[in-house]
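Single chain ahead, written as structure tokens, the form predicted on its own.
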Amino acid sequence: MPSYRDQGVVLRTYRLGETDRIVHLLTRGRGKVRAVAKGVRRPGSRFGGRLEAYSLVDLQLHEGRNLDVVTQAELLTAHAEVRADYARSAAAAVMVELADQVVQEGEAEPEVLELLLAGLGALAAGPDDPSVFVDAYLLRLAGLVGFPATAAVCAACQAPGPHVFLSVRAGGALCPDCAPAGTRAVDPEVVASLAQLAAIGEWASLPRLAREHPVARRTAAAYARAFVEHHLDRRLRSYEHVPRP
């Protein structure tokens, strides 16, 4: 079997037989990969503890017909503090669930991997409210795969904002001329919160947003979930388990 080397984040694992484990990975070079790690649940396994959910690993694999086979695994970043805390682990579960849904096997999506690593890194820092990073991640990932949430201009006519009408179906804020009858008007702080959540590259200010604008942030969070589930046509099963203030 041909072999290859790649780096990736462990999305989820499943038991196989008495000693093996199936590992779902999001890799840099091949997108989503499903592999079997043989003997990793056996006492004294060489790399069993390196293939835990949310870990970043460097791997040597053999190509298989249905599942690739892990032959070497080097732990790069464990994210053990994320697994050890319920709130952070629940937030990470949403992140890996959506990444697992949008990336296809055999199709490299390095920007999605980098966004996932940024989100996991933000959770590892020990925020008081991990859920705000979930809301940001959802909107940012949707933008990466072609569904940006528009806040600075009208999503329909591109008229400069700010605008106070929000539409999930239209993809963001709408001006008064483009907003259909019945479109919800929100406080301008909600639109500002939405813009901050969706802005790729900015994570450090999100805990402050959660502290100082809790009401606007909650409305923006509800919009973020509805937006992603509508445009990506995916129901986020793990979202309900994320604790929120």
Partner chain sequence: MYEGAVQDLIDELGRLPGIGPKSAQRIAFHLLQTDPTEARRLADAITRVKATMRFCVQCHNVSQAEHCRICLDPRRDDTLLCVVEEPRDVVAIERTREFRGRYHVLGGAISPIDGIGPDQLHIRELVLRLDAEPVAEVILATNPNVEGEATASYLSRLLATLEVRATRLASGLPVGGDLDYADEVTLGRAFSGRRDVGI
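For clarity, every value in this text was computed on a predicted model and none was experimentally measured. Numbering follows the first chain given and starts at 1.
Another form, the form predicted in complex with its partner chain, is not on view; read the next lines as being about it.
Contact assignment for its partner chain in the predicted bound form, among 170, 153, 112, 93, heavy atom within 4.5 Å: Exactly one listed residue reaches within 4.5 Å, namely 93.
Considering non-hydrogen atoms and a 4.5 Å limit, which listed residue (46, 28, 211, 62) is close to its partner chain in the predicted bound form? Of the candidates 46, 28, 211, 62, 46 is the one lying within 4.5 Å of its partner chain in the predicted bound form.
Do all of 137, 203 and 218 end up near its partner chain in the predicted bound form, with near meaning a heavy atom within 4.5 Å? The answer is no; none of 137, 203 and 218 reaches its partner chain.
Heavy atom to heavy atom, is residue 32 within 4.5 Å of its partner chain in the predicted bound form? Residue 32 lies outside the contact set for its partner chain.
Does its partner chain get within 4.5 angstroms of any non-hydrogen atom of residue 238 in the predicted bound form? Yes - in the predicted bound form, heavy atoms of residue 238 and its partner chain come within 4.5 Å of each other.
Answer with yes or no whether residue 52 is in contact with its partner chain in the predicted bound form, where contact means some heavy atom within 4.5 Å. Yes, residue 52 lies within 4.5 Å of its partner chain in the predicted bound form.
Does any part of residue 78 reach within 4.5 Å of its partner chain in the predicted bound form? Heavy atoms only, please. Residue 78: yes, in contact with its partner chain in the predicted bound form.
Looking at 112 to 120, 140 to 148, 93 to 101, 154 to 162, which stretch has residues with any non-hydrogen atom within 4.5 Å of its partner chain in the predicted bound form? Result of the contact check: 93 to 101.
Could you list the residues in 83 to 116 that come within 4.5 Å of its partner chain in the predicted bound form, counting only heavy atoms and keeping sequence order? Contacts from 83 to 116: 83, 84, 85, 86, 89, 90, 93, 96, 97.
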